[in-house]
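Read the single chain below, which is given as structure tokens and is the form predicted alone.
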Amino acid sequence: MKYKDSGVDIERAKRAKKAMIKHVKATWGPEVLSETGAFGGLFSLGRRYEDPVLVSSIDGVGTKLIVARMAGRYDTIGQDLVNHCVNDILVQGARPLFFLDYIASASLEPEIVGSIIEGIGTACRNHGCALIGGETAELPDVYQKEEFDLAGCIVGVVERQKIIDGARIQPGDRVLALPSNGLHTNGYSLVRKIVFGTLGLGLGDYVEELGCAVGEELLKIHVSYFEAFNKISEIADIKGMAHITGGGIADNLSRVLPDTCAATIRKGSWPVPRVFEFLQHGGAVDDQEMYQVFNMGLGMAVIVAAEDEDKITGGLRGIMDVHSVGEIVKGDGTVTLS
């Protein structure tokens, strides 16, 4: 017997890896010291930092993968993956250095792998982040035919004295919202149940309430807050940040609050994308569930001193909208939406 008889095609895997090389190398700068095919990626910090702290995160894009597979479009989920991971380390003040991806499937199709890596490479270049390595695996007895999984690991750096950890948050501080463009990468199991099950829609169906086809809405790329973060960092002191992903506003914002503080968030103080009303009505989902599962249009929460609020609003003009959505009060680390 041959390995191919068990479902693993080494030559096909080689073709898949060859298809990604140009997208990988396009993200490299002089800090990358290794070559493609090395067992480990080498990255030099150089002498640019006084007291550098590495910040790492790993994540996936959930069942949004299924929507991408249904649409036969794979470049957007690569960008989703990178942008999500970048946002996760931004909240601690870190800027991305390098990224590693993991793609596993029943069989590695070179065109699909190449498209995913193209998206990852595009997002990495947008952030000055090197795609330094990764893993592609054929696992025919783990995944059904045409199924695959995608994950990414990011490493960034921040000077120790500039770490954002929420410790300096105090009553009277303001909570600002940076908007999402929709679902980002969370809640897709519920979304698919509502859209494809309850409503019986297809990806190509145009929905008046959304102003676009279903597939266009569901594959919108997860927003990166990198540019907005850089601008805010130049003009104000960021005391805390929360990337609003699975668990919604309350669960994620509470992760950065000191035990002596709470946050009150005013519903209606930021615009909610139409997709959320569409899903709520279509699936008869109550308010509490919506705010627990989805970002509801609030993609990143930024906590600053009250005197910095207007400064940030003006400074982000032309870059990204920003909304004042709440305050920090005395409390026990909880978040209240009213």
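So that there is no doubt, residue numbering starts at 1 and follows the sequence shown. As the structure is a computational prediction, the values presented were derived from the model and not from experiment.
Below, we turn to the form predicted in complex with a further copy of the same chain, even though it does not appear here.
The listed set 71, 213, 100, 250 contains one residue whose heavy atoms approach a further copy of the same chain in the predicted bound form to within 4.5 Å, identified as 100. For the chain shown alone, residue 227 is not a contact residue for a further copy of the same chain in the predicted bound form, no non-hydrogen atom being within 4.5 angstroms. When contacts are judged by a 4.5 Å heavy atom cut-off, residue 144 counts as touching a further copy of the same chain in the predicted bound form. Residue 62 belongs to the set of residues with a heavy atom inside 4.5 Å of a further copy of the same chain in the predicted bound form.
In the predicted bound form, a further copy of the same chain stays beyond 4.5 Å of every heavy atom belonging to residue 172. In summary, the region of this chain contacting a further copy of the same chain in the predicted bound form, judged by heavy atoms within 4.5 Å and restricted to 160-168, 230-238, 262-270, 175-183, corresponds to 160-168. Counting a residue when any of its non-hydrogen atoms is within 4.5 Å of a further copy of the same chain in the predicted bound form, the hits in 149-163 run 149, 150, 151, 153, 155, 160, 163.
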